[in-house]
Structure formats: structure tokens, C-alpha cells
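Just one chain follows, in the form predicted alone, and it is written as C-alpha cells.
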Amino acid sequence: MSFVLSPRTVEEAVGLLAELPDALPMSGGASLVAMKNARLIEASHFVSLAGIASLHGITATDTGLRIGGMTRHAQLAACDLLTGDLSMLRQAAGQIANRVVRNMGTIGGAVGNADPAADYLAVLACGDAHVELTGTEGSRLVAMTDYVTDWYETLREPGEIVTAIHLPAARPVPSVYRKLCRVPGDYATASVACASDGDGVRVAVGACGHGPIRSREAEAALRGNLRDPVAIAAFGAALADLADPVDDVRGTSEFRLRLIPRMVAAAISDLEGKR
């Protein structure tokens, strides 16, 4: 039997996690409850973050946007602040699961769980996001491109919680999120987030490795060649070379490797059509 604790501040939450080593933080609970019911995790206590006011909502800062870890997917899908090169985050949030899960699940829970096939990881890597992690020693920021270290493993230390996601200010340029899945709302077989960047693009691929795949070197080589199909094919091939997909119920590793260049080219085409 597990008990649910309901702290009112971040400090109280991380204090409880430090005091109870087998306790787990609980955001929306969409994934955590399913994992508990499947007996994939065990904990004596769950520390609910729902009552911590500072973890809710999306606010403008001097450098961009701060998205509290308890912000629901539905709020992100409807957020007017996510425009331009951040509109891909709205697109991704709107494709998560179904309405019930979007009203329940949170960005902090999704990022904390770090499922490789989840929608946010590629979008946040493409958007140059930073993850705010808070523990008893205070808060720190980790670049999304560095955050995932292995399959379901991240730089989040035991006792730390995802308190926020930080994004640069939206730029008035287009962005797109493409996702291939078996049925609407399913986890991705492969996904691509793509944002305009002057005469180049920023691109991150999801669900084709332990974390989002992005190559600034490949992006630099593509700059100025967005209408050259040979250059675009080489760019897609470079991202596929960095992938490490697995075989699962959503597709084989070979299938995913074949998808990457095609989906990247299609996302760039979508972007060019919005310029």
C-alpha cells in the first residue's frame, strides 16, 4: 500500500523525498499510476506536486518563457504564448493521447519520465529548452539536448523534481511537429520537430534512440541549401546515422531508420511552405 503526501511548496516536496528514500514524486500521474498498476514500480509514498502553486502555469520572463512542471498538456495545446518557432510545442501537446490524458498529464511528468517515444522531448531539444531541476541543494538548469543520458535515464538525481521548462522567447518564424504513430494519440513510431532558423533549420528526431537526436554540425552544413534535395537527403542521412532505434510493437529499428530521412525532408518541406 502506498500513501500520497501533498506538500504546498517545492521545498517541502524535496524535503519529503529526501526524508523518504523510496518515495516518488507524482505530477499528473498519467504514467505513474499506470506503471504502479502494472507493478513496474513500487513506492511506500507518492509525493503529489499538484498543490504547489509555483509549479503551475506559463509565464513570460526576461529571457523567454517559463513553463511550470505541473502545467497540463491541454494548457500547452491552447497557449497563445507558443507562437512562431515555439508553435511546434502546441502542436505536440495537442497530439498527446486523448482529451482525458491531456487534461491530467503534465509536461514535468512527461519530461521526468523521459519516455523516448514521448512527444515533448524532440520539440524541446529543437527549441533549445532547458530543464529546471530542484532538490535539497537548490535548482539547476540542464539543456534538453544533454538531459537524457540513456534509455529512461536522465541527469535528474534521486530526490530532484522537474520544476520548470525554460524556453527562449518565441521568434516570428514557422515551426512544425510531425509524428508517425499507429493510431491518433499513440506514442510515436518516429517524430520530427523542425523550426526555421534564418537560412537554415533546427531539427530534432524523436523515438529513434534513447533521447532526442539533434546535430548542430549537420544543421550548419545544410544552412543556405534548404531547396537542394541532395543537401536535404544528406542532412536526413546524418541524423539517421546518429540514431539507435529498437524493435518494438510500433515498428522495427530498420523501419525507423528508413523513416528518419523521409520525415525530416517532409518537415522541411512543410516549413518552406509556411515561410
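In this text, residue numbers run from 1 along the sequence as written. A quick note: this is a predicted structure, and the numbers were derived from the prediction, not measured.
There is also a form predicted in complex with a small molecule; it is not shown, and the following applies to it.
The small molecule in the predicted complex is approached by T106, whose closest heavy atom lies within 4.5 angstroms of it. Proximity of G251 to the small molecule in the predicted complex: non-hydrogen atoms within 4.5 Å are absent; the residue sits far from the partner. Using a 4.5 angstroms limit between non-hydrogen atoms, A97 touches the small molecule in the predicted complex.
Looking at D186, you'd find a heavy atom of it within 4.5 angstroms of the small molecule in the predicted complex.
Comment: 177-185 is the region of 194-202, 177-185, 82-90, 135-143 lying near the small molecule in the predicted complex, near meaning a non-hydrogen atom within 4.5 Å.
For the candidate spot formed by P212, A240 and R256, no residue has a non-hydrogen atom within 4.5 angstroms of the small molecule in the predicted complex. For the candidate set V10, L24, L16, A265, a heavy atom within 4.5 Å of the small molecule in the predicted complex is found for exactly one residue, namely L24. Proximity to the small molecule in the predicted complex, defined as a heavy atom within 4.5 Å, holds among A233, A220, M35, A53 only for M35.
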